[in-house]
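Shown here is one chain on its own, the form predicted on its own, set out as structure tokens.
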Amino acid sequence: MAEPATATQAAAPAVPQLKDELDIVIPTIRNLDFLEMWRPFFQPYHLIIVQDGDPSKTIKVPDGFDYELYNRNDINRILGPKASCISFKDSACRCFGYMVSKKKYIFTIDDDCFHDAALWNVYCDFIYFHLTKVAKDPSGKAINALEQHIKNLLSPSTPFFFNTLYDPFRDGADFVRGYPFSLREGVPTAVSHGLWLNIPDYDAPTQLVKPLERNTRFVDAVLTIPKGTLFPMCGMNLAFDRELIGPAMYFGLMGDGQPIGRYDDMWAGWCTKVICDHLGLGVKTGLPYIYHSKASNPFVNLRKEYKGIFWQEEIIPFFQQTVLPKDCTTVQKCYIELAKQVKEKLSKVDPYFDKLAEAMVTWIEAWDELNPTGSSVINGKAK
């Protein structure tokens, strides 16, 4: 007769899912005290911290976390002249963490913000981040955002036919009547895009006219964004399959020396969605939520966004009309082709896009140098 389990055995914690296959990437200019609120969920995982701004500043990380930290000197040393493609004084620098990671999956989240009002105004002039805290579901239970992102990434997407019952792969759901059986297998999920409670992710004009608006609606749903549909990707609560789509997750040229800011994640999202559609990959949005509790300064944001607000009226139609050739069978080939089309069709909008197109090519060159055996993707399957 088997011996009954001891109390110690019964209480042994389960090994966190994808513990050795996922990196958490965090851009920062300050001490990472905010990690304490995320400790129960993040501590088992490896962190890649990308320090922006003054590389001589010491960034303190709470004890007990496994991490590597890169500052601007490290970026310059590792990439050499190609470091020019990594933004400076902008949270877009986070994509360097995607490049140096060796894991299959990435989860990225924004760091803490100053609480003092005077410091906050200075800080907004310097760089744009959010205060991201652990959200709670309607029952009051803390939301393990990372766990939900993993569920999203490990289940298929359905971009070719919309399921009105949202994600059919969630417990308690399925495909509705009339859904083609030939499409029910789904496709690999490349991106999991999470949302936010409290402060919505608004642009500056909307912030100015709705300064007190808060999102209090917890919608218990995940859905696949249909093929051919673009979306405004927010980088503060995002996970993706690095092997499937990593080279497309370039957050562009933003911040210091650039005429635009706060479009880094959206640019990456538009590029990524076009490539996912072409390669037969899926993008999910909805759960998980984080709690976004600090609104950034709308006047500072407007100064960063104002060109983008005009440019997006031409950028979005460009991506809507973009067609990638059939011989673009890898993410890298797709991205180089996108860079070519950006240079050809968006340079008339502003010379900035010539520079951005060149940086996109440099990004892929740097990615391939650091990831010489990276996976290729053909018809939605990693090879």
Partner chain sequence: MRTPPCLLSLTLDSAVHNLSNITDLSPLPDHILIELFLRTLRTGKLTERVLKLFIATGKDEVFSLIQALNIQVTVTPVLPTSKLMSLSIKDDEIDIVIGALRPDLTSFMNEWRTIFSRFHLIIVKDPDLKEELKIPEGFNLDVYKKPDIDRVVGTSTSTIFSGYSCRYFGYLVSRKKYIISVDDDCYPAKDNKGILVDAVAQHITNLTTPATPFFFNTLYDPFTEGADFVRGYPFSLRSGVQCALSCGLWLNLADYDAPTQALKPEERNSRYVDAVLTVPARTLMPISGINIAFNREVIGPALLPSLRLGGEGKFRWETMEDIWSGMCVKVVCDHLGLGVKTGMPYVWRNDRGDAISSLRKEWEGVKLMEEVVPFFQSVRLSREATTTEDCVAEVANVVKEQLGSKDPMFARAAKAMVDWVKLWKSVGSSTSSPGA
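Numbering follows the first chain given and starts at 1. Please read these numbers as outputs of a predicted model, since none were measured by experiment.
The next section is about a form of this same protein that is not shown, the form predicted together with the partner chain.
Mapping the unseen interface onto this chain, Glu313 counts among the residues with a heavy atom inside 4.5 Å of the partner chain in the model of the complex.
Contact annotation for Asp90: none of its heavy atoms lies within 4.5 Å of the partner chain in the model of the complex. At the 4.5 Å threshold, heavy atoms of Gly178 reach the partner chain in the model of the complex.
The closest non-hydrogen atom of Met266 lies within 4.5 Å of the partner chain in the model of the complex.
Thr206 is the sole member of Ser293, Ser84, Thr206, Asn297 with a non-hydrogen atom lying within 4.5 angstroms of the partner chain in the model of the complex. Looking at 97 to 105, 257 to 265, 67 to 75, 238 to 246, the stretch with residues near the partner chain in the model of the complex, meaning non-hydrogen atoms within 4.5 angstroms, turns out to be 257 to 265.
Interface residues of 202 to 223, taken as those with a heavy atom within 4.5 Å of the partner chain in the model of the complex (partner not displayed): Tyr202, Asp203, Pro205, Thr206, Lys210, Glu213, Arg214, Asn215, Arg217, Phe218, Val219, Asp220, Ala221, Leu223, in sequence order.
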